[in-house]
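Only one chain is given next, in structure tokens, and it is the form predicted on its own.
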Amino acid sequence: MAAEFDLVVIGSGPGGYVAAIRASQLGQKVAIVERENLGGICLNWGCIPTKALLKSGEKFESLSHLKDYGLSASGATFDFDAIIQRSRGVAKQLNQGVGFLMKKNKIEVIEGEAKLEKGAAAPKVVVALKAGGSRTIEAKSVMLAVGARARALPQIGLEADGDKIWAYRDALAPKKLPKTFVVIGSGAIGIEFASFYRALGAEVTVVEAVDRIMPVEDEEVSKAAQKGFEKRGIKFKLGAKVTKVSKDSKGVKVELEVNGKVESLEAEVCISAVGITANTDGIGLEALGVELERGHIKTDSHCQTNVKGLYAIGDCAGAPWLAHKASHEGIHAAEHIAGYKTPNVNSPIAGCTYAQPQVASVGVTEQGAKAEKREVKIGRFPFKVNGKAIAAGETEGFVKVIFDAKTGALIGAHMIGADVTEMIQGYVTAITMEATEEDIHGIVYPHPTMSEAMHEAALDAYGRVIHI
């Protein structure tokens, strides 16, 4: 049987659908298999709808600070159902947009659940169709973009039920607004939900197993973030191991071990944000002999697995579990499949947390540089002395940059404050282009902007800072 397609992509998230489009642009005949909604978790139940919720929370929270701007208003309220419906509407709009892009790029969308079997040029894809029956597809290449799901810990009772214990899906579309929450996990997902529900007035306590929140971030930023969140009323339990989660008619009880002592927290709802699990089960990987590494699919620098013709990208292929990393890998793999000589896939990837305040970072942290025994120069600049930040009333936070002392190369950047998730790309570009301190010092930044803090931080690393 001749190959029906050049490429079959399994999963239509921001990795899968972007890869399919790029492959089609390169003249490949492409099909994409999706078992649920086009756009995957990111568009439907992750990145996009959470940002819609966070914007509603941010707008409502800002009403309590109108006096700071010489304004006044009274009787501000919110419609929780309308907030949720707006978020779902945003997701639906983008889902339909992906459908349009599939048609525009002549990509066949196959609705159903895929399983792999041994094939010739690449594994066969057997799809249990949503409409009933099955379809077997042969292609020259197959790309797994199957993503991941919320991690459950049933051994301690931490398993989402959609009622008293929520995973991210439940937190995005609840039937009512609880008054009290315990959030387990202080990564981006946990912090963003804590920020949203606190903005609407809920009492929120975040539990973290290590001794600081957002442990992948630079330690200085992590400490500043905690102060910012505590200022907004979010509580934290750090160095706390969750030993048991139990439910009763009132809500949940979360039992903890903190410094050898037993403690407990009670709330109406517990949000589980303890990581993710790759969707690698039930798709035939074992029979094919696909190599896994800590539950994720092992790939090379071109996203190829150890099985001929089989590629894997995005969350199912390991950290960082970010949509833009999945898209980047998808494009790289599609170009490699089409025979293009593409650069190595290991480009710097920024991490962003869209809470209040926002956190954004790229490259090595200060503690990471110390662990590697690298000689570095570090610069900082606070927004409290940035003209635009003062005018906007957004003086919280700072910019921190890390340079290699021997070469002058920018190797890390860490930011906390208003809209830093929009600013971090400047540093991503600089690291990608191997910029040195001389390059960044020579850039003319527009005035007045908060991005001027990026320039001043770089100047500070070399004793040239102007405004402090």
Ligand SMILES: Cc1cc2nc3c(=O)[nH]c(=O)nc-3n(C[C@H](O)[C@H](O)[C@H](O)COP(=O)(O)OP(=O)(O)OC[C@H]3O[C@@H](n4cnc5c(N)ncnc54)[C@H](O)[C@@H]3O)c2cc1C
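These numbers were taken from a predicted model, which means no experiment stands behind them. Note that residue numbering begins at 1 and tracks the sequence as displayed.
As for the form predicted in complex with the named molecule, it is not shown, yet the points below apply to it.
Visitor: Pick from 26-34, 403-411, 64-72, 422-430: which stretch has non-hydrogen atoms within 4.5 Å of the named molecule in the predicted complex?
Guide: Going through the listed ranges, the match is 26-34.
Visitor: Determine whether any heavy atom of T395 comes within 4.5 Å of a heavy atom of the named molecule in the predicted complex, and answer yes or no.
Guide: T395: no, not in contact with the named molecule in the predicted complex.
Visitor: Check whether K51 has any heavy atom within 4.5 Å of a heavy atom of the named molecule in the predicted complex, and answer yes or no.
Guide: Yes, K51 sits close enough to the named molecule in the predicted complex that at least one of its heavy atoms falls within 4.5 Å.
Visitor: Is I313 near the named molecule? Define near as a heavy atom within 4.5 Å, in the predicted complex.
Guide: Within the cut-off, so yes.
Visitor: Looking at the partner-bound form in the predicted complex, is H324 within 4.5 Å of the named molecule by any heavy atom?
Guide: Result yes; H324 sits at the interface with the named molecule in the predicted complex.
Visitor: D6, G119 and P123: each with a heavy atom within 4.5 Å of the named molecule in the predicted complex?
Guide: Checked in the predicted complex: no contact with the named molecule for any of the three.
Visitor: So which of F229, Y197, F381, Y168 reaches within 4.5 angstroms of the named molecule in the predicted complex, heavy atom to heavy atom?
Guide: For this set of options, the contacting one is Y168.
Visitor: To verify the annotation, which of these, A267, A278, A114, A91, has a non-hydrogen atom within 4.5 Å of the named molecule in the predicted complex?
Guide: Filtering the options by heavy-atom distance leaves A114.
Visitor: What are the residues of 135-159, in order along the chain, with a heavy atom within 4.5 Å of the named molecule in the predicted complex?
Guide: The stretch 135-159, when checked against the named molecule in the predicted complex, contributes A145, V146, G147, A148 at the 4.5 Å heavy-atom cut-off.
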